[in-house]
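Shown below, as structure tokens, is a lone chain in the form predicted alone; questions about how it binds or moves come after it.
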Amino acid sequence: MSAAVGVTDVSKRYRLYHERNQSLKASVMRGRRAKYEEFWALRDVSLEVPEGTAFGLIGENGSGKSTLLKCMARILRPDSGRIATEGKVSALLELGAGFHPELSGRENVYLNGSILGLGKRELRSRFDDIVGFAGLEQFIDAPVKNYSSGMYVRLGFSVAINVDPDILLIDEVLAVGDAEFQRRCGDKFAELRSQGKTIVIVTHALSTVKEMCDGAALLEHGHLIEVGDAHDVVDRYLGDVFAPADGAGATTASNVERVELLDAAGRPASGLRTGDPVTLRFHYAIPDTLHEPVLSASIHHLDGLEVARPSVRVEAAGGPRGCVDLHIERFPLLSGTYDVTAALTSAGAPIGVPDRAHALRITVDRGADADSHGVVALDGRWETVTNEVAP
């Protein structure tokens, strides 16, 4: 499979000024140039994005993801190295990029479309599709300065996909859209992939990377850490994020020593299904400095969403070490992967950094009666009303 995007030894640096000479007089009076230091946003990054695939760029803020995407889009020029692309490139990188706030939505469609390489005749033939996908028929002749952030994104994305790109570059801006628009974006991504198009996306929504992307690259402080299968790269990233630093969280130093997942019979379990009875067992050690200890747990989805934070007062009367169980008769979370963190603090104190970050990872499969969408199963009961109820 040929590469749609080839990145070879790319480095990009910025100047971070500590002070600036605001005028010629200031320059003469100081007798020197403004001070700055060099910041390398990218250092010797090399990777390939195969043609016809979806590829994610992930990492912490400041890791270089957006800078690399802008280099791919030719908005930034690398200080060294080379980027090669095959085919027409369309990009949606910043909220309102390419839009003039005083112009109407209609005028901006033609302005932005021309920037992306479409002629007036082509734009005229695609105009209704662009506006229809964005759902802005009612507001298309209003100045875009009056648009909400969601309206900006919908119109910008609609223009970007309707220029018929071979390569589509998308930054985090899609997170601004509502649930319905994001669903339509997902459908459009699937359509583009079926047509052999290539998609490169920067996002912090790791579940999106796992669900949508074939491959991914992990960046850290401008360096490429790993590139490969999307699931493997996301797991590597999460492992690094939740790993205790410099031995913190080891059994000898942590207040919460470990967390176990047990099935209905009290046996260790590696996974479960929605609706199963389970127990989370927390093993702890109470230091002498901790008064009225409270154990707090937090359950997060892989995309960072916290779905629950139960807590309980623990008793020190039986000694400094012990364990406490959280029994859940019907596990409510829908299929997915979740991380459990835990902390032991004094009553009323802020939780702060958990003692056991990434203490336990739970894989949940779909239960027999579980819903297929959302985060939790409501465990409700439907009932048909035989007599019509007056409004």
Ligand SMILES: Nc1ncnc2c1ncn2[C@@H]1O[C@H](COP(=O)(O)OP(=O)(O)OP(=O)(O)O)[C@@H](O)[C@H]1O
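Bear in mind the structure is a predicted one, so any value in this text is a computation, not a measurement. Residue numbers run from 1 along the displayed sequence.
This next part talks about the form predicted in complex with the ligand, which is not shown.
Heavy atoms within 4.5 Å of the ligand in the predicted bound form are found in one stretch of 338 to 346, 63 to 71, 324 to 332, 359 to 367, which is 63 to 71. Between the options 204, 281, 231, 301, the residue in contact with the ligand in the predicted bound form by a heavy atom within 4.5 angstroms is 204. In the predicted bound form, at least one heavy atom of residue 39 sits within 4.5 Å of the ligand.
At a distance threshold of 4.5 angstroms between non-hydrogen atoms, residue 378 is out of contact with the ligand in the predicted bound form.
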